[in-house]
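Here you get one chain, nothing else, as structure tokens; it is the form predicted alone.
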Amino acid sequence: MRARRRLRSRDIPNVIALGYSAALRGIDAYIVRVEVVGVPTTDAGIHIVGLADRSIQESKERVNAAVRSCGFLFPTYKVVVNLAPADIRKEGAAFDVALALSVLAMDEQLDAARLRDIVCLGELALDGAVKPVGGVLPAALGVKKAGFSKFLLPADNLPEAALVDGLTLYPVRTLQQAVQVVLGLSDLGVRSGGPTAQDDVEPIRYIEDLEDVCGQERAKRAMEVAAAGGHNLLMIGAPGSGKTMLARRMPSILPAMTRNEALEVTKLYSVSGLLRHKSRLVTTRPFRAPHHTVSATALAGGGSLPRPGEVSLAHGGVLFLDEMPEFPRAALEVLRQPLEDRSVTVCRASSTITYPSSFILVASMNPCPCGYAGDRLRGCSCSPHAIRKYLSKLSGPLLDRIDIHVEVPRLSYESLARPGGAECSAVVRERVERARAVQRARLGGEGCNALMPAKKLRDVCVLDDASRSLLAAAVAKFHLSARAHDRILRVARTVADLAGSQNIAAAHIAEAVGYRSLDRSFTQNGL
């Protein structure tokens, strides 16, 4: 048997190629150095180090096939690739283009010096096509923050990256085009100018409108208060009373998103791979409605390599939990931190990541297991013990974080058959935006009453004697916690803002206390 010929050092280019790519950590990106060197050994192939996951390890075969398909030579000696910083785990196929270009530069098929001022992102197909990837918007922001001005990316991701101004973007569809860009033989460069007029956040006409809902004026009023102050809302009513129909119309009465909100939501959806590649800013407020079988990890976010959960995908919009008591207890309890802090922290042994999760929680539930307790049209078949057990599925600390509980009764036939005349969402949204403007002037930034700091609560929510006596009686009667007391004050402040009142009156406190119907149910059922 003939012995294999040992490669000599002079057969291998004495070049250490250095390219750049980007990786995600949470919703932010950092620059990854792709260091490539040839090693004199008979063990040919690519060896990747730097805490690369399996998807990156598999890129060895994709890069090999893509390089050969595009007419370039692939090294027949051992190639060692280091993805630095090497102490942070990396995943995904977005390093393919940077890896292929760095290998070609190391093999002296293109000038290695030309790679040192450009960041490359993209997945390679076996035929050399460059496929779109997720997380391009945060990657573009990371490229700019790191001081680079050139960004090579898949052509389908161009609209997303163009939201970041000050970069020269090179949208490519094949590895050949990427090589031409690096060699300076291409005129594909596009100067990004940031969000343009077509990205301006304007009020959007929603298909689902409040004027479609017959009756339920009290529930609509509760929705308006919740939208105006950013308060969480729980609707309690029999099956078919319209809870889901109302909840789906909540985004239509929320204020238009600001540019900062739209950018942050777009980053979250880009990282999650939910952003359509030809879309730009996400300008509609998210509405997320996970099934009641959702796990705690899917709701809060996480995984071995953390990804945003439903509470983060609802950031800036609405998280709707239909039939809330049917959700797993563990899943409901993970809501406590994001409802309080407006962010969720995912802890892993290798890293700790915080995702934004400032959303309005809209939940629905039946008053009892059969759903007809207190219904005027149909009797309830549940025992008091069954009702207590059903209501106890929601913990006190979780309910304390829901500002408004409102009953949604079933409507009679006469109410359903009555001609329209209900307010449309646009009219309600105008009142909500006026109230939000008052709150921004009072709290600064994009603040709302639901996020009012405790230090400001006593200064902003000053009560007269009548209001103070009414609130004290409610706290004593319903055994309310200190948190529930403060939330009543915040809701009353929102009611006053909608009324254009500078001070909180007894009527505003009375309406806020009236939105604690579940506290009354707990008191009546001895819970």
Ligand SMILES: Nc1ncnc2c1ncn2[C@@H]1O[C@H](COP(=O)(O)OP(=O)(O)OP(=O)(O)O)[C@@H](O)[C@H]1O
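Treat the numbers as computed from the prediction; the structure is a model and nothing was measured. From 1 onward, residues are counted along the sequence shown.
The protein also exists as the form predicted in complex with the named molecule; that form is not presented, and the subsequent description refers to it.
In the model of the complex, the named molecule stays beyond 4.5 Å of every heavy atom belonging to Glu108. The named molecule in the model of the complex comes within 4.5 Å of no heavy atom belonging to Pro397. Interface membership of Asp212, defined by any non-hydrogen atom within 4.5 Å of the named molecule in the model of the complex, is confirmed.
At a distance threshold of 4.5 angstroms between non-hydrogen atoms, Glu323 is in contact with the named molecule in the model of the complex.
With the partner omitted from this view, the residue of Pro239, Pro85, Gly193, Gly273 that lies near the named molecule in the model of the complex is Pro239 [heavy atom within 4.5 Å]. Residue-level contacts in the model of the complex: of Met245, Ala298, Leu443, Leu188, one residue has a heavy atom within 4.5 Å of the named molecule, and it is Met245. The putative spot formed by Gln216, Asn366 and Leu411 is fully lined by the named molecule in the model of the complex; each residue has a non-hydrogen atom within 4.5 angstroms of it. Screening 231 to 239, 263 to 271, 135 to 143, 91 to 99 for residues having heavy atoms within 4.5 Å of the named molecule in the model of the complex returns a single hit, 231 to 239.
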